[in-house]
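Next up: a single chain in structure tokens, the form predicted alone.
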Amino acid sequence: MKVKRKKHLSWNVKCILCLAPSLLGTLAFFAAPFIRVVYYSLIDNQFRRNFVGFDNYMDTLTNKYFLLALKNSLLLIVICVPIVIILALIISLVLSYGIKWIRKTRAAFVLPLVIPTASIALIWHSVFASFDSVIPVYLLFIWKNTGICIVLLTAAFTAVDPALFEAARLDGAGTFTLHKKITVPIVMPTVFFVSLLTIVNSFKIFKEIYLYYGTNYPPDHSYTLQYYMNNNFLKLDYQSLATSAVLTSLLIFGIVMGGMALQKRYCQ
């Protein structure tokens, strides 16, 4: 009797089959729409559809409202992201190596991730109603994004093998040397990751600002790129919307690629 041999798929084929649904979804719901957005940014309008090259980009880059939104978005990154990372590092160190009863408060730092944004905006508005500055927005961003950074950094600190410290102490290493040669190199990739994650989240703060001010036209100090794109969408100005979306995507892509290059250089 002939024995039928079962055909076994290779590991690469199995991986491709597992990734296929996700890749098809990305192609259908991200890649294809983005190509259409790029097309809209290169035509005069959606009716005549005359090719105008980079005219829309030149108009957008000289638009004072786009420049205002870009400045505010970059200021949010420059000011708030370092504060978030430093706070998360300090709190993570305390939670990882501090007093035991302090470690029991870890769950509290997850609350900003599960509380509805509308509730947060309502509380923020009642507390900071008298403030006429961008400080409430910055504080809201810091409060909402520090929690996830603490969770990730605490996991990185607690994943450091104590045996490494014991071996280094036997070789005569002091506390400073232990953390410089062991803790920092192990935790640094996570620090880069949470930094990039926080930067990307800074471009998604439109919902919080919109609920806080309750208007499509907030004060100039809180007018971000999301507001600029949302207002162009409401005005049906698809060319400005598409152009600003492409420019914002390129900005985020450049920041992420730069962060990954730094991580590759300093975290090997």
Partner chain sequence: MKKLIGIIFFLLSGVFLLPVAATVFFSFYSEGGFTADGYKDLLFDCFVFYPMFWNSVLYASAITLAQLPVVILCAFGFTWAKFRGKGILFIFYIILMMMPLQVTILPNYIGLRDMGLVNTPWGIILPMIFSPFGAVVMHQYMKNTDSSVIEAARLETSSIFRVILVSVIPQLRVCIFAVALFVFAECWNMVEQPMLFLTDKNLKTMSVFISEAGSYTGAVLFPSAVIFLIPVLLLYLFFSDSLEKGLTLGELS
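Residue numbers count along the first chain shown, from 1. Please read these numbers as outputs of a predicted model, since none were measured by experiment.
There is another form of this protein, the form predicted together with the partner chain, and it is not shown here; the text below is about that form.
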Open item on the list: Only one of 83 to 91, 165 to 173, 70 to 78, 130 to 138 has heavy atoms within 4.5 Å of the partner chain in the model of the complex; I'd like to know which.
Closed with: 83 to 91
Open item on the list: Although the partner isn't part of this model, could you tell me whether F34 comes within 4.5 Å of the partner chain in the model of the complex, counting any heavy atom of the residue?
Closed with: yes
Open item on the list: Can you work out whether G25 and the partner chain are in contact in the model of the complex, taking contact to mean some heavy atom pair no more than 4.5 Å apart?
Closed with: yes
Open item on the list: Whether M58 contacts the partner chain in the model of the complex should be assessed with a 4.5 Å heavy atom distance threshold; does it?
Closed with: no
Open item on the list: So in the model of the complex, is the partner chain close enough to V184 to count as touching (4.5 Å, heavy atoms)?
Closed with: no
Open item on the list: With the partner left out here, which residues of 124 to 160 have a non-hydrogen atom within 4.5 Å of the partner chain in the model of the complex?
Closed with: W124, S126, W143, K144, T146, I148, V151, L152, A155
